[in-house]
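What follows is a single chain, given as structure tokens, in the form predicted alone.
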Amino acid sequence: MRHVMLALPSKGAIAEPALSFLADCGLRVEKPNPRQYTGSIPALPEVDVLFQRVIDVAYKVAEGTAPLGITGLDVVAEYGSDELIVVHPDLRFGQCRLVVAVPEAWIDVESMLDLAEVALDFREVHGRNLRVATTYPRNTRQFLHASGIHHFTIVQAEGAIEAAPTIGHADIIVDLVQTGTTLRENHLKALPDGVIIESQACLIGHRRTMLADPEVRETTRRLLEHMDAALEGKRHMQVTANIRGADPAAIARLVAANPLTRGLQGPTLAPIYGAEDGWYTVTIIVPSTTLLNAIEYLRSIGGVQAAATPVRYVFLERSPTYVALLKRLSG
């Protein structure tokens, strides 16, 4: 199998989380020299890693230089093309929002409708457009036009965009927000209905290469098997409890009678060595969100000494993300 390039962020908010995520998936990235822009994944020897800026990850995938890459959905929305396909939309890290933020001093501006009135006042009273600082001009234009704001000028900004209104470079900003702390520190407020994109890290691919190259599809499948298994594992806990009963089949039926303790595929029972006759250990895998309810039910049917451990991987019959990808490619 020939080598397939995977582009990863070299710097920025999702660079380290991307490496941590891959390691959690059993796909540790080796980078012998921190100054190098290449690496490898021992678990997938056919994959070569290329480190790029998050924007350049999208560019490399869109042009086909790298068939696969990890970047943010915000980057895809701003810089994507028809050749770029989102393979996995949510890797569950890098969550942020692209928002419209205005100065806190604008106490009468609490919505996009209020901002539209301000933009009109700027035009009619001050004779100029509302200045908007952002590094997302395409999505900003589309959103402002859709919100009824037409008299504005995009001010290209790099670095600390939050300072633009303070130094007089712009009136408002459109930028990524995680916690909102930086906005507050710069005396800005995000408008509640000014969320342009809900973003997180995603896996992207080059559509034409995916369609034409079976080896790239196979590498993608192997990559997604790891990712789906790790993400599914985070949703579950393995629970064991000791239960006494004369008939193991009756115990199993009692455990499986409740949807909370039915588990992924019913309970597993094993006799406890050295204990009195009739003692069995029940093992089930349940959603993390119902853990306590499942344990309380086991208690109610005689379960004791319940223990819960995280599940690292859950491999389903097939990678559901890969199955969905194949449907989109063929559609």
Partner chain sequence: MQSSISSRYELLAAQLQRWMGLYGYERLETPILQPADLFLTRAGDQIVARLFTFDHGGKQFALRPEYTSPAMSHYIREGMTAPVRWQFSGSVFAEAEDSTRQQHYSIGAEAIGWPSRLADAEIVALAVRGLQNVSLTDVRVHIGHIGLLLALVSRHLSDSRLVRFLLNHAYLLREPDGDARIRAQLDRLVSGRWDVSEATGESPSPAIMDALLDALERSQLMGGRTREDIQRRLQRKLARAEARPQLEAALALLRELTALEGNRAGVMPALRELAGDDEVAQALLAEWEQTLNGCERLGVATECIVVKPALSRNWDYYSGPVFELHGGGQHTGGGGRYDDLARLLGATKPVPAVGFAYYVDDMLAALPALPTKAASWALHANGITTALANWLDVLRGRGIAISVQPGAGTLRVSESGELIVGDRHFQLDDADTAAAWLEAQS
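The structure displayed is predicted, hence computed values, not measured ones. Numbering follows the first chain given and starts at 1.
The discussion below concerns the form predicted in complex with its partner chain, not included here.
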What stretch, of 209-217, 234-242, 81-89, 166-174, brings heavy atoms to within 4.5 Å of its partner chain in the model of the complex?
-> 166-174
May I ask whether Gly266, Leu292 and Arg299 each come within 4.5 Å of its partner chain in the model of the complex, counting any non-hydrogen atom?
-> no
State yes or no: in the model of the complex, is some non-hydrogen atom of Ala105 no more than 4.5 angstroms from a non-hydrogen atom of its partner chain?
-> yes
With the partner left out of view, is Arg253 within 4.5 angstroms of its partner chain in the model of the complex by any non-hydrogen atom?
-> no
Hey, in the model of the complex, is Glu117 touching its partner chain, heavy atoms inside 4.5 Å?
-> yes
Does at least one non-hydrogen atom of Val109 fall within 4.5 angstroms of its partner chain in the model of the complex?
-> yes
Using a 4.5 Å cut on heavy atoms, which of Thr135, Asn139, Asn186, Gln200 is close to its partner chain in the model of the complex?
-> Asn186
Could you list the residues in 143-158 that come within 4.5 Å of its partner chain in the model of the complex, counting only heavy atoms and keeping sequence order?
-> His145, His150, His151
